[in-house]
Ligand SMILES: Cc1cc2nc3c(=O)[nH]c(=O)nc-3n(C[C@H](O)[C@H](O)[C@H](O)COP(=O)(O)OP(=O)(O)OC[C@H]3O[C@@H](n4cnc5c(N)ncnc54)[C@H](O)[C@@H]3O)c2cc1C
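Just the one chain here, laid out as structure tokens, in the form predicted on its own.
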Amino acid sequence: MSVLAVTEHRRGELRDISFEIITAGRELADELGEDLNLVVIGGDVDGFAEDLNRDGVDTIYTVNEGEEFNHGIYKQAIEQLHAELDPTALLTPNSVNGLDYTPAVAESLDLPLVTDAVALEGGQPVEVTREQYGGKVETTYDVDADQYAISIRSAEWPTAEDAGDAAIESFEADIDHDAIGATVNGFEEVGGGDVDITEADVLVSIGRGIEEEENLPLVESLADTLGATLSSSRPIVDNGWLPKNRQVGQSGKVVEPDVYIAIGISGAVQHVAGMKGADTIIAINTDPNAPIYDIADYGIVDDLFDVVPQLIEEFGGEAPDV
């Protein structure tokens, strides 16, 4: 028996969740007294396997089928590898791709499935913790089964850093291409643009507290003054005030800047999931009970329209009239 963890890549690069799932998988495998096996499917599987060879991994299986994510290939390959290894736990990323194939695999293999896990404790039963009500409540589920599937939330476990000596094996999945219902023709970033907020060291992020689109130049000025990149929570993108590629959160991008300044952001769980990996979090919000203060290192409980102009002037800028 073992723990089998599925890794993820996009546009030729492994995603951070691939290294976080190694940490989660290793911890669970240690508690179960089992091996940790990884699988990487599609793309440059040999190159990916070299990068994934981190301390604590026993075997990395490569499935050389396709280039980008394809539901049919992932489902078939994971089901066949699962039948080969007969693992106790199947761990997958709680990402857009992971949530596409994990329920289908779990249903096909008759595995109980818990999604969006933020903590695991091995044993019989295994304990899986999830967050509810905007992160205000944690619920622990006992999964009393010999085998199960769990999708894990990104940025909840540290990335595995140290090099390992895992075995790397090619797994020849027998893919029925006639059964694949979709063809992947390429990858297009929603929202486009030349700004990648995941690469920013400092993010100034705005939420619905900005009230109106006409007030955006105020936070844009603060970002310019600090040499920061502007990002936002989902309502700003839903209103069309900023493009999709600026959105932080579960349905946006996961960021890990040195400094994250959350302005007028309440701290809903969907947003927090995308930014709580920041080294330092500074929150500005009029509501002292806003969830963002539960994770903030520094907080200013005040009106952003009073605070932001003072910050701009303090750092040598000139606040616009809004």
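Quick note: we count residues from 1 along the sequence shown, nothing fancier. We call the rigid core the largest set of C-alpha positions that still match within 1.5 Å between the two forms. What you see is a predicted model, and the numbers here were worked out from it, not measured in a lab.
If you look for the form predicted together with the named molecule, you will not find it shown, but the lines that follow are about it.
In the model of the complex, the named molecule lies farther than 4.5 Å from every heavy atom of Ile152.
With a 4.5 Å cutoff on heavy atoms, Asp302 counts as touching the named molecule in the model of the complex. Taking the partner from elsewhere, Asp279 is found to have every heavy atom lying beyond 4.5 Å of the named molecule in the model of the complex. Among residues of the shown chain, Ile265 is one whose heavy atoms approach the named molecule to within 4.5 Å in the model of the complex. This chain is displayed without the named molecule, yet in the model of the complex the stretch 230-238 from 178-186, 72-80, 230-238, 101-109 comes within 4.5 Å of it by heavy atoms.
When the named molecule is considered in the model of the complex, only one residue from Val57, Ala29, Val63, Ala290 comes within 4.5 Å through any heavy atom, namely Ala290.
Using a 4.5 Å cut-off on any heavy atom, the residues of 230-264 that reach the named molecule in the model of the complex are, in sequence order, Ser233, Arg234, Pro235, Gln247, Val248, Gly249, Gln250, Ser251, Gly252, Gly264. A movement of the C-alpha atom of Ile150 falling short of 2 angstroms is seen between the shown form and the other one when the two forms are aligned on their rigid core. Taking 2 Å as the criterion, Pro235 counts as shifted between the shown form and the other one: its C-alpha moves by at least this amount when the rigid core is aligned. Here Thr92 does not count as shifted, since its C-alpha moves by less than 2 Å between the shown form and the other one after the core is aligned.
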